[in-house]
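First, one chain by itself: the form predicted on its own, in structure tokens.
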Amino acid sequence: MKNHRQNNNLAGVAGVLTSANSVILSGHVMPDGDSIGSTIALGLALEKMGKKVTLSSPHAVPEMYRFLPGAHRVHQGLPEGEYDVFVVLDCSVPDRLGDRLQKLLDKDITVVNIDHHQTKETFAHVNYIDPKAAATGEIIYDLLVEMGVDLDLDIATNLYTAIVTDTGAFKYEGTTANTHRKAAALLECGVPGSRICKLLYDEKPIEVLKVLQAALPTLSISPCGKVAWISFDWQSRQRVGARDEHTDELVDYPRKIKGVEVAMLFREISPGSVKVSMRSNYYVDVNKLAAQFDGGGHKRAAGCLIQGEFNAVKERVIEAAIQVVQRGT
């Protein structure tokens, strides 16, 4: 891979994309609204500029985001083709690209990484990382302004969804006045904000409620009352017929318990492979907690993937979380 050329220069990112001919874009594994929305929005904008664009994702677009304009065009994995620029979005480390898309990092291709997750080191040739942005969608908004791209309804709808989902409908701590200004500008493009929120938060597949029914009896809280967790193992997943996307909201339940500082969701995505979602309410940096297990994210929202027996993994992570809250960090 070529040597790194530049970091945190939005005009530099715009220059690389403006001079590109064929661009492939992708977000991270187990894509969320910010990953998918940012990928599609930037891809549609580059097409307006006359670029050949390929939209990709390590995993399929979750059902809840398939209403997005352009979602049907997102390929799963690495499609055949020749590209001169690879844009990685909302992805802090190469491993989160999945095995197939990660292979592009070793080809003679310019790699651009746009993200809002704090990272110790960059991996692309051109990197724009802004941890102060509430969502990668915010950065893409700024980038399109920099490139002079008119925000049509399809682009704006994807960006609005990216920002809404990664701010928890503007509830999360990282939401700023600039976040609201950008959301307002997108609404002025004609984005149906209330309908999007209804599709995201009020209309759920029956599997989501079945998952909740199976998982709620596992809701537990530590003796100190500051750590709470909920679990969904492989057997339960098979019994309910759930996909990973059906379990995303479970972590909100332990987080709502009064007095809880750290909330966690343990879900077995395959036998012996446990995904841990972490949330904090006020003072614990769960990004640092997740880093103990080779994960990462934000101060108030992070996660990791751990290989091991389900209950043994839970015990290790819960013990670490209790130690963190006792230290007050």
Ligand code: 5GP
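Just so you know, these numbers come straight off a predicted model, no measurement behind them. One rule holds for the numbers: they count along the sequence shown, beginning at 1.
Just so you know, the form predicted together with this ligand exists too; it's not on screen, but the next bit is about it.
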Non-hydrogen atom within 4.5 angstroms of this ligand in the predicted complex for each of S92, K275 and G295: yes
In the predicted complex, segment of 297-305, 256-264, 64-72, 46-54 with a heavy atom within 4.5 Å of this ligand: 297-305
Close approach of R237 to this ligand in the predicted complex, 4.5 Å, heavy atom: no
Heavy atom of K182 within 4.5 Å of this ligand in the predicted complex: no
K226: touches this ligand in the predicted complex, heavy atom cutoff 4.5 angstroms: no
4.5 Å heavy atom contact, H125 to this ligand in the predicted complex: no
Heavy atom contacts to this ligand in the predicted complex at 4.5 Å, residues of 202-225 in sequence order: none
